[in-house]
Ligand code: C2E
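Before any questions on how it binds or moves, here is one chain, the form predicted alone, in structure tokens.
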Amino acid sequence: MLVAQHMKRMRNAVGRRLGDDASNERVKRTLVRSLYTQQTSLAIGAFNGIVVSMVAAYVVQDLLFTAAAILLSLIAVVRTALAFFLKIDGNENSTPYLEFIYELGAFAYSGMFGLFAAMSIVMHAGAPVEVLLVAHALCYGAGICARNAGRPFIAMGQMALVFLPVMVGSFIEGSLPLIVLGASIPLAIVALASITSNVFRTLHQSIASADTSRKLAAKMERLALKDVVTGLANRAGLDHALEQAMVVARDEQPVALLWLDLDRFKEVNDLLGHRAGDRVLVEAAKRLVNIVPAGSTISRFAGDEFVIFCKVVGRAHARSLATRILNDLLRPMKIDGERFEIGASIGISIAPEDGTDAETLLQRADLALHRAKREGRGCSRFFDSSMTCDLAERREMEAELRLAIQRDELSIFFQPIIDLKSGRIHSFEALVRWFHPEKGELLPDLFIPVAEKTGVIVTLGNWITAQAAKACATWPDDVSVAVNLSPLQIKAPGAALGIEAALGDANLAPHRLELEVTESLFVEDSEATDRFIEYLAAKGVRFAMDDFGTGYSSLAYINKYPFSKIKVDRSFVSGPDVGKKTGAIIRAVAEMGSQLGMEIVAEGLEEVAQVNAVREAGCTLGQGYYFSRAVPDYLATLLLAQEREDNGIGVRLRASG
């Protein structure tokens, strides 16, 4: 009992001193497993012990000695067998159980071997036998400290159980050499205990560091595959999941890839800022998680786009899932006290009929999403082969548009903007025209979206600005030119320098260039946009807000940016909903412009009644077919020359003729 209590106190002390913290289960499990992973060394040690004990018993020819040798051999066989057959991987055997079983065998074998060596000394078994057993016992006790250093209590316990009986036996025998041997054993115990402690610390720190590194690497991997806002998979996470899922999907039921785009997300960003926008994304993600079947992959692909990858029974199942998603996302969201109905559009591709690899499925779901958005948003569309034809046509148009710029197939036409009070030409708006050598004239509505989607708009926009500036430089100094800018062009690197270079090449004063922008430029806060406008405004370039009234935050933009002109959208002038309300809106905008010192342009004027109405409402400028269609640069110059002769009378008739 006293020995057991002493060993327990020793174990606790070693554990506290060496950091044997049971809470770190993974580290402890690794250290315990190290006891069982060296079965070969354990088997060799057991074999040597059996041979040594049996040889000693054979030489001594004593019944007690023989019984001790047989017991030692049985213990050696049993603990070796346990080391080979106990399952140390997985969770079948707990860490404490594995440690206890090893301790039981190790302490039994060590204690028996120490006792056997001590018996040889006390019983005067003869010098050869004593040397054989004592030397083997001491070597075993020293060697075990290194082998089992991963669990220092076991290592030092075995060492003590081997060394202490030999020490006691040496003192009992009483000869000077053995007394010296007995006296040296405590010193050896201290030295070996110190070595064991150092080895354990090194092992513990190495394993703990490796475990920390593993957990950190796993965490970094999770972070690399997760979207920080929604907690869903990000684009990299989606690619990783798709790659694994597609391998399984080839031999199992169909899978659907749903590409979802929130329809009115940018309004929230614009009205309430990005933090509110993030809350919309989080709420949308929660709703998707609640609807999509378990085991599916949901990813925030980019911005306000989500991609869902899940098993389906067939197209009807996929359609039903898309409908549920659309209906759920239409439920109002309350963000910062504001109520929003976001809605979404969804494009769907099905594997294997629409593709057997992730890239193809993504591309075809994107095409289906593009079709859904083009057909009015708030709906879902499956991919079909005609969409591939549309993609091919867009790619063909992209290639032809790049060549058209190089071959001078594009032309700039100019539509006059008239001073409604004097009837004189105030400025011209530059409009691009494409006269294809085989397809004839292609309308801007056909190729501008392609240019924007493919990035050609940057090159095209710079070319239009340069050509417009050159034409304007030949006109009278009081006439300016307006150029529409795409958001992509403005946000491109060096955009302001490109405008400045166009002015310099044409030798045109900056105040004679007016850049028209729409509210779509501002839906995302952009330092690049702010720098672009601030830089050119400081140079003297003027800015106009185009299509005013079609967005949701125009007043905020007008307050923030240096606009000198507002263009009232044609839908308020000549659209199907023109009436008392639209007239009141025009008057309100005109009054605001008057108070702010801004010009107000009414677009889409086609009849004299419309001209009179907008003039009476307070608009200062007008533009539309009533005055003139867009004309080539030489006709624009002719209009100006004739106007100077006739003092602005009959502009509409000359231009139309």
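In this text, residue numbers run from 1 along the sequence as written. Bear in mind that the values here come from a model prediction, so they are computed numbers and not experimental data.
The same protein has a further form, the form predicted in complex with the ligand, not shown here; the description that follows concerns it.
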{"item": "Three-residue site Asp445, Ile448 and Asp546 fully in contact with the ligand in the predicted complex at 4.5 Å by heavy atom", "value": "yes"}
{"item": "Partner proximity in the predicted complex: Glu606 to the ligand, non-hydrogen atom cutoff 4.5 Å", "value": "yes"}
{"item": "Contact test in the predicted complex: Gly593 vs the ligand, heavy atoms, 4.5 Å", "value": "no"}
{"item": "The ligand contact in the predicted complex: Gly624, any heavy atom under 4.5 Å", "value": "yes"}
{"item": "Partner contact for Arg570 in the predicted complex: the ligand, 4.5 angstroms, heavy atom", "value": "yes"}
{"item": "Sole residue of Ala358, Ala76, Leu431, Val134 within 4.5 Å of the ligand in the predicted complex, by heavy atom", "value": "Leu431"}
{"item": "Single option in Ser296, Ser170, Thr80, Ser486 placed near the ligand in the predicted complex, where near means a heavy atom within 4.5 Å", "value": "Ser486"}
{"item": "Residue stretch of 117-125, 436-444, 315-323, 558-566 approaching the ligand in the predicted complex, non-hydrogen atom distance within 4.5 Å", "value": "436-444"}
{"item": "Heavy atom within 4.5 Å of the ligand in the predicted complex - qualifying residues of 351-365", "value": "none"}
